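Have a look below at one chain only, the form predicted alone, in structure tokens format.
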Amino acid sequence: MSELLTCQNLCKRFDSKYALAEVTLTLQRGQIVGLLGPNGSGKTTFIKIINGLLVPTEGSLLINGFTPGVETKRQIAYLPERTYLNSWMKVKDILQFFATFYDNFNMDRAMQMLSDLRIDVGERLKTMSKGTKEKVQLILVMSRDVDLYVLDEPIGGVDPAARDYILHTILSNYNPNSTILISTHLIADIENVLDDVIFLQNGQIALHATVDEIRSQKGKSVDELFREVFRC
């Protein structure tokens, strides 16, 4: 494995309050990493810095040696927590837009996933349920061939029956040399697919360990340890 993302003493301050404080970590290629923490822990701020939507107050974050910006846009596929697609668009129009905009978009892969989930490419987003819209967004993200996938609550809005398929989709549609960073509150549902976990608390790293280390050294599941650390 080799380093994909590195950050050193990363800080982000809003007025007098730090959303992130002295965060130092490295993410290797070929991993699925859980970014876990309660609301207000700094997860969203960290994700936005990765995607170049926020600029650090102090410290640095590099992806393949580049500061987030033009050079990294092609290397990252980002699934935000909220729907961002225009509701009047048909799925086939969105597919064409992505294929035109991203030269690493795999149309065949997207069409196969849509077929598996029985989503009609001629349907408009405004006629879909919230869960179906989120499935479409996930398919768009996972149909790109990138180095880093950043997924913010990818299974939060879908029914339990669809979660297994979505996790299978995530596992089977990324390059083994890529890394997936998943932020979620549904830890028990994704724990089995994770290699590493990062616990964020008050903008700082409370824990960064492999799932195997947690199970062997703590004698707990990730979900159990999370509840203990954050008293859920």
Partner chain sequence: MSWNLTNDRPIYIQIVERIQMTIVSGEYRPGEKLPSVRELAAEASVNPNTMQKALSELETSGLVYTQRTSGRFITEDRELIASTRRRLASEKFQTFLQQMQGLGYTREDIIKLTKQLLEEGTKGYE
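This is a predicted model, so every value here is computed, not measured. Numbering follows the first chain given and starts at 1.
There is also a form predicted in complex with the partner chain; it is not shown, and the following applies to it.
This chain is displayed alone, yet in the predicted bound form one of Ser60, Thr26, Asn39, Asn192 has a heavy atom within 4.5 Å of the partner chain; that residue is Asn192. Not displayed here, the partner chain is kept clear of Leu10 by more than 4.5 Å at the level of heavy atoms in the predicted bound form. Remark: Gly30 counts among the residues lining the partner chain in the predicted bound form, judged by a heavy atom distance of 4.5 Å or less. Although the partner is absent here, Arg215 sits close enough that one of its heavy atoms falls within 4.5 Å of the partner chain in the predicted bound form. A residue is said to contact a partner when one of its heavy atoms sits within 4.5 Å of a partner heavy atom; Val211 meets this definition for the partner chain in the predicted bound form. Heavy atoms within 4.5 Å of the partner chain in the predicted bound form belong, among the stretches 30 to 38, 63 to 71, 47 to 55, 197 to 205, to residues of 30 to 38.
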